Structure formats: structure tokens, C-alpha cells
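As C-alpha cells, one chain now follows by itself in the form predicted alone.
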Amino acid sequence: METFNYSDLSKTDIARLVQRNVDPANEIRALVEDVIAHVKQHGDRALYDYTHKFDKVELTRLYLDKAELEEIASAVSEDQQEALQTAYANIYKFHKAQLKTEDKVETMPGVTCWRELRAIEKVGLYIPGGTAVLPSTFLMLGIPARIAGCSEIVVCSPPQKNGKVNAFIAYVALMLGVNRVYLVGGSQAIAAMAYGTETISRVDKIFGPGNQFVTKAKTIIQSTTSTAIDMPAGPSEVLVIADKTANPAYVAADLLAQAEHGIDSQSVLVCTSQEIADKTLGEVTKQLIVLPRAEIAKQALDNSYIIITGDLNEAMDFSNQYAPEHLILATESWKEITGKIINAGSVFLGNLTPESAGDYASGTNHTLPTSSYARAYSGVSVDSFVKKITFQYLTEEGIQNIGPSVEILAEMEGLHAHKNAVSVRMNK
């Protein structure tokens, strides 16, 4: 991990450091656009072809039904079931609290306005299954979708080499009441859910993280179809702010936890001294060699770096420019700087709060904006699966009170039919 002194960095240097997962030559876009066009034109046939090409699997059917999921899920042990059930309960409890009925507001006598929630009818959930299978992502997306009341949930996940899904994915599907999982991954899965095929239904909104190809497909789909997306959620990242009160072993473990996601993940350490950096790097070396995914983590760390700042305020300044998906405040002084957080997907406070807790079972959602999109996007929540529709009701008193202002405003804009729609009611 390369080390930089914050005081030595120019604005150009910082802009370069906080930029990630770019596609300057549009190579990824070109490949993804070709996949989308092929799926749109050839439907299921394209999905079979891409599964053979990218996943090296020959499928005879694009989905697993309930009976097949039950058979696969039987391999999940009791302690694994209990862990998944604990995660389910905590995630459900946290997200259920997000469903709130808003009060009606009388903006002036006789004029009442309010909002009501309506679930998005058809949603598509993309569950990654490349170098790591993520049943936790299935919980993070499926639970709020169920709480919101979405009437149709389409689930796509890449097939394993045996042409099925991982047992944990099957078990979570049954927990969520999902009776069919489509064996489709990559940008072709996003295209299938956006346009629909002979087998897969078109959805109104697509959710889920993925690699750069999946993320690019989502952004293209959002700009070229009527299908919405949750956010551009690409390769994962963490930024750890550490001072002299941090535990270097904990910090190293957090950096490695993120790095093992994939070679395009990024782990950034922002610390207040060279001593902390050196001790953390020593722990990284020690912990890395025993990891089963050490080679993946090592490549991700080669794409990562350390920033030395003068104090925690400078550290937070850099963090807000980076806008991390995950922000860990590895300091006993975290209460003094949380108010300065402007851009972050999810925040982990103090030395005993690992990002892994949020990834799996604390209750918060781990589907979060990456690549600086935390400047404008929130993570997935129940709100992501609903629409908020405004209502208004005018009484006779209300039309008389608000009418004159509306008439004047409509006349100011030269929209006389708008004025008349009020006038005819007032005159009556």
C-alpha cells in the first residue's frame, strides 16, 4: 500500500486518489452495451449462450423451482441456519421501523396535503455469485422488499459449476418466500430483468451490487429504459480513520476484510501518524498469509493506499472527498468527529465495531453507494422499494382561500386554462 502525506497532496493529487473504477476508454461500456442488445433481441437464447461463455455452465433450464431449492437448502447445518435466522431477525427489525405513516398537513384552512406509500410492484434482485457467494446480500434486498409489500420479486444469481445455486442462497430464498431463482449473472442478468425474456419477467426497478460490468449495465439501463435502479453499487470499498487510540490489529483486519471481496475492491487507511501506518502494515502482513483468499486480497491492497494526516479533522476532510461506501472511525474520539461526516454510505463507530457486523447481522443494510456516489445516494432501505404519492383535498373554504393566489400565479405564467380551472370552481 503506497503512503502519502496529506499536506503534500495538491487538489489534483486528491482528485486522482479518490477516483476509482473508471472506464476511460469506454471498453466496459462497449462490451456491456453489446450484451444488453443481444439479450434484448434474443431473450432466453442469449442467456443460455452467455452462461456457457462466462460461467462455463451448460443449462437446460434457466431457473430452480421451490422443490429444487428445498433439496439444495437441506445441506445447510443447524448452526448456519441459526446464524442466518439471527441476521434475518435483526435486519427485519431495523427495516420494519422504517415504515412510517406521515401526518396530514393543513397548509391553509380547507387545504389538506399528505403522502402515502405504495410498494413498487415488480422488483429485480441481483445476488452476486462470482468469487464469493453472498446470501447476506439476498437478505439485505429481500427483507425490505417483503416489508414494503412488492407483489413480484425476481431473483437472479449466477449458477455454480454444478448448474445450481449455493445452499445458503437456496435457504435464504425459502426464508423470504421466494420460490424461484434464475440462474443468470453479470450484465446479462440486468438486461434480462430490464427488458424481460421468455422466462424472466421485466421489472420496474433493479437492486443489487456487482462488478464493474453489472454496475455499468445498471447505469445504462437506467438511462435507456423505464426501469429504475437502486444506485450505482460496484466493487466494494472501505476507508478507515485511525489515531493513536486505534488497535493496529483491528484496523488491519478491517482493511483485509474489504480487500478479500475482489481484486477491484479498495481499502484506504487515513491515520494521524506514520507509526500507526507502520504498525498496521505489519499486522496486515501477519494476517494476510493465513487468509484463504490471500491472493485476491493482496491484489486489492496493491490498488489501495495510506494517507497520513495531521489530525482527525484533516482525516475527515479527506474522507468526505473520498465519499466511502464504508467508513470506520477507529478512534476513541469518534463522538467528536461524527458531526463532520458529510459523505459516507454506512459508518462504524469505535474500535469494537467492525464493518463485518453491518455486512451480516447488525441490522443495517449493506447495499451501499460506491465510487463516490455516497455524495448523492443513500444505501438501500424500505424507502427504496416504495413510491411516495402525494394527495391533496380542498373544501369549499379551501378553494376560496387558495384560489386567488393560484389565479394570479397562472396568469403570471400565461397559462389561462390553469387559471380557469380554479375560477370556474370559485364562481360556482
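From 1 onward, residues are counted along the sequence shown. The term rigid core refers to the most C-alpha atoms you can superpose between the two forms while keeping them within 1.5 Å. What you see is a predicted model; the values in this text were computed from it and never measured.
Separately, the form predicted in complex with a further copy of the same chain exists; it is not shown, and the next lines address it.
- Taking Pro354, Gly163, Gly149, Gly196 one by one, only a single residue has any non-hydrogen atom within 4.5 Å of a further copy of the same chain in the predicted bound form, and it is Pro354.
- Exactly one listed residue, out of Gly177, Gly339, Gly310, Gly282, brings a non-hydrogen atom to within 4.5 Å of a further copy of the same chain in the predicted bound form: Gly339.
- Only one segment in the set 180-188, 339-347, 141-149, 269-277 has residues whose heavy atoms sit within 4.5 Å of a further copy of the same chain in the predicted bound form; it is 339-347.
- Although a further copy of the same chain is omitted here, in the predicted bound form none of Thr12, Gly208 and Ile289 has a heavy atom within 4.5 Å of it.
- Shown alone here, Asp359 lies within 4.5 Å of a further copy of the same chain in the predicted bound form, counting heavy atoms only.
- For Lys387, a non-hydrogen atom is located within 4.5 Å of a further copy of the same chain in the predicted bound form, even though that partner is not displayed.
- In the predicted bound form, a further copy of the same chain lies within 4.5 Å of some heavy atom of Ala376.
- Looking at Lys244, you'd find every heavy atom of it more than 4.5 angstroms from a further copy of the same chain in the predicted bound form.
- Taking a further copy of the same chain as positioned in the predicted bound form, the residues of 252-274 that bring a heavy atom within 4.5 Å of it are, in sequence order, Ala253, Asp254, Leu256, Ala257, Glu260, His261.
- Relative to the superposed rigid core, the position of the CA of Glu33 differs between the shown form and the other one by 2 Å or more.
- Comparing the forms between the shown form and the other one on their rigid core, the Cα displacement of Gln287 stays under 2 Å.
- Once you line up the core between the shown form and the other one, the Cα of Asn320 stays within less than 2 Å of where it was.
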